[in-house]
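Only one chain comes next, encoded as structure tokens, the form predicted alone.
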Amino acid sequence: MARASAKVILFGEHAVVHGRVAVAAALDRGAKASASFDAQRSVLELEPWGRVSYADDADDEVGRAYAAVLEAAGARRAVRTQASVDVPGGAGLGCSAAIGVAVVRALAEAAGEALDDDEVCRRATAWERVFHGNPSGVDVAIAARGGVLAFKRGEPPRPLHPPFDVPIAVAFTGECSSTKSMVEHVARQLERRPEVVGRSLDGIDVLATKGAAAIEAGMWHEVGRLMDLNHALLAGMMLSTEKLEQACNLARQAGATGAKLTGAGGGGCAIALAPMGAAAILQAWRGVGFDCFEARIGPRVVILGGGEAR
């Protein structure tokens, strides 16, 4: 069974698309997949949605993504892949990248291939392009490698080494969002107001760099403060929503050291850093109907190709 991590972005969403730094952390949950060459037609069965997609169906986005992975792998035989995921899609948690990486690893296991992380990312990026058009690469990088990474487009990811794992709370607002649409939204703003939006992206870049240093020093209260500032800059680019603002405010009132949207925005998830525990934050969120969970982030959160989160 092949596995891959879901993720949260602590700093740098959207800025990373435009050449700045992002900091992402793997969650101790994600996707798993298995594959076998016992099919007459290449098919991907995806749970929990009960979705069946065929690689030769040009009208099915998931089928096209599966076909792109098969082409990147050089697959010459029909293959049946079963995959499942335990995070919501369209929520900023890297669901599609986790599925893509798990599928890539499952296909490699079935073919008897040993892939390094770079090759896993290359093949999974073919999957991501179908959904996101111009992905930054941070989602597949963290899905494949786990841990905490500083990422800049065109450069090798840099692992960060915090001294210990910490809890993080994740709330799904119930509003799904298209990463591709939100990336295009920011690109249009940048075209119309290059100086204003450019300063916001530069500010996020500074926060990400400072945040990476604070993470490695284990200064989690400083990390939280910087997350709040990052959220304010994203909200200034009209990427937040009323429900995301509510989730972040409730989390801070319940003791979070910092809270922000994660991913493309326009819906999806909010995250709250909770070094002292997430119980009060989760209780506050559930009190207003948010679907939420606690996870851990840190250097030991790695979901191996054939192993368990550790």
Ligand code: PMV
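Residues carry their position along the shown sequence, with the first being 1. Since the model is a prediction, treat every value here as computed from it, not as a measurement.
Missing here is the form predicted together with the named molecule; even so, the following discussion is about that form.
Engineer: Can you say which of 136-144, 220-228, 108-116, 196-204 gets within 4.5 Å of the named molecule in the model of the complex, counting heavy atoms only?
Structural biologist: Heavy atoms within 4.5 Å of the named molecule in the model of the complex occur in 136-144.
Engineer: So which of Cys292, Val17, Ile297, Val21 gets a non-hydrogen atom within 4.5 Å of the named molecule in the model of the complex?
Structural biologist: Contact check passes for Val17.
Engineer: From the list Gly258, Gly63, Gly263, Gly266, which entry has a heavy atom within 4.5 Å of the named molecule in the model of the complex?
Structural biologist: Residue within 4.5 Å of the partner: Gly263.
Engineer: Would you please decide whether Gly94 lies within 4.5 angstroms of the named molecule in the model of the complex, comparing each non-hydrogen atom pair?
Structural biologist: Yes.
Engineer: Thr179: heavy atom within 4.5 Å of the named molecule in the model of the complex?
Structural biologist: Thr179 belongs to the contact set for the named molecule.
Engineer: I'd like to know whether Ala232 contacts the named molecule in the model of the complex, with contact meaning heavy atoms within 4.5 angstroms.
Structural biologist: The answer is no: Ala232 has no heavy atom within 4.5 Å of the named molecule.
Engineer: I'd like to check something about Arg123: if you look in the model of the complex, is any of its heavy atoms closer than or equal to 4.5 Å to a heavy atom of the named molecule?
Structural biologist: No, Arg123 is distant from the partner.
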